[in-house]
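The chain below stands alone, shown as structure tokens; this is the form predicted on its own.
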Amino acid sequence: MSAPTRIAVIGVGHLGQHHARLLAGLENVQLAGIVDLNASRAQEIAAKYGARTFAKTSDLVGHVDAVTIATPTVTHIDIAMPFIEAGVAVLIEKPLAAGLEEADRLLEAATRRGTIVATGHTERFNPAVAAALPLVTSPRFVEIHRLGTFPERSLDIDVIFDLMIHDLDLLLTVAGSDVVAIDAVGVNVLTPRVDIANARIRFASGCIANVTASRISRDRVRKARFFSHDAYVSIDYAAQEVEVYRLIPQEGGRPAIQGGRLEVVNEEPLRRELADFADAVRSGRPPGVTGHDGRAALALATRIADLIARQPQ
């Protein structure tokens, strides 16, 4: 049997701790190291999941096959670049980088060195999304709401890059055509950054998407609805539920509506994402969400953020 894939986690805060937990439980994977600026936190998580701590990210090189990076966005390029240059696969939590110039530098280095880069768009690995996407064909209208309560993290970035970017990645996957027009509005409510945003996006295919993201809502809502000329697909990301309804032609009469809820086997999306990354590292295939996918979502998020920034306050 081949040796397990050695993967370390860099940053074990709110999200990174779950990277460590899940990697420690994956078959053919060794949680090979933990790095965090908070040494006591690193030791706590390492002891909990049977891993070794390293004082610096550079100390990991030579001891790992891959790393996952769950640190503030502004640190992504400085942490990821030495691993990419060393040929060590990286999974970088979304957004891929603090800006497109940094994202391009990462991807150019990865192409030059032949290094795997994955982006942590976890929603793509949601079992409900995986079940629904093959059924979404030529959508004409898409409506997505991602609403959350006020967080204690990710306040260094707009809600567009924190929450909406998940849905932008999904839209780019489904629409399959270029964005030709955007109308957007955003409001700074509780922070100096945009806390609630709405974007209306038109694709070259004619599809229009209305996307809302908020981190100041009373209730948590994570739902998407896709409308085609003969079908309706609804996804509840949080409940991992999918409903599909289709028009069935009837001879000599009005079409019938058939459908209902699909059977979806619930599973933690992050676990599926990490398992996909580990398999990509072992096999050398591209990960389910590549660095270029992450760059595309970042580019669309940046267009929306720039449009909002130019609006009078």
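What you are looking at is a predicted structure, and each value in this text was computed from that prediction instead of being measured. A residue's number is simply how far along the shown sequence it sits, counting from 1.
The discussion below concerns the form predicted in complex with nicotinamide-adenine-dinucleotide (NAD), not included here.
Undergrad: When nicotinamide-adenine-dinucleotide (NAD) is placed as it is in the model of the complex, which of 211-219, 127-135, 99-107, 73-81 ends up with heavy atoms within 4.5 Å of it?
TA: One stretch meets the cut-off, namely 73-81.
Undergrad: Flag residue 289 as yes or no: does it have a non-hydrogen atom within 4.5 angstroms of any non-hydrogen atom of nicotinamide-adenine-dinucleotide (NAD) in the model of the complex?
TA: Residue-level check for residue 289: no, no contact with nicotinamide-adenine-dinucleotide (NAD).
Undergrad: Is there a heavy atom of residue 115 lying 4.5 Å or less from a heavy atom of nicotinamide-adenine-dinucleotide (NAD) in the model of the complex?
TA: No, residue 115 is distant from the partner.
Undergrad: Since only the chain is shown here, I'm wondering whether residue 297 would be in contact with nicotinamide-adenine-dinucleotide (NAD) in the model of the complex (any heavy atom pair within 4.5 Å).
TA: Residue-level check for residue 297: no, no contact with nicotinamide-adenine-dinucleotide (NAD).
Undergrad: According to a 4.5 angstroms non-hydrogen atom cut-off, is residue 12 in contact with nicotinamide-adenine-dinucleotide (NAD) in the model of the complex?
TA: Taking the distances in the model of the complex, the answer for residue 12 is yes, it comes within 4.5 Å of nicotinamide-adenine-dinucleotide (NAD).
Undergrad: State the residue from 266, 38, 58, 250 whose non-hydrogen atoms include one within 4.5 Å of nicotinamide-adenine-dinucleotide (NAD) in the model of the complex.
TA: Looking at 266, 38, 58, 250 one by one, just 38 meets the 4.5 Å heavy-atom criterion.
Undergrad: Could you pull out the residues of 199-224 that have any heavy atom within 4.5 Å of nicotinamide-adenine-dinucleotide (NAD) in the model of the complex?
TA: Contacting residues: none.
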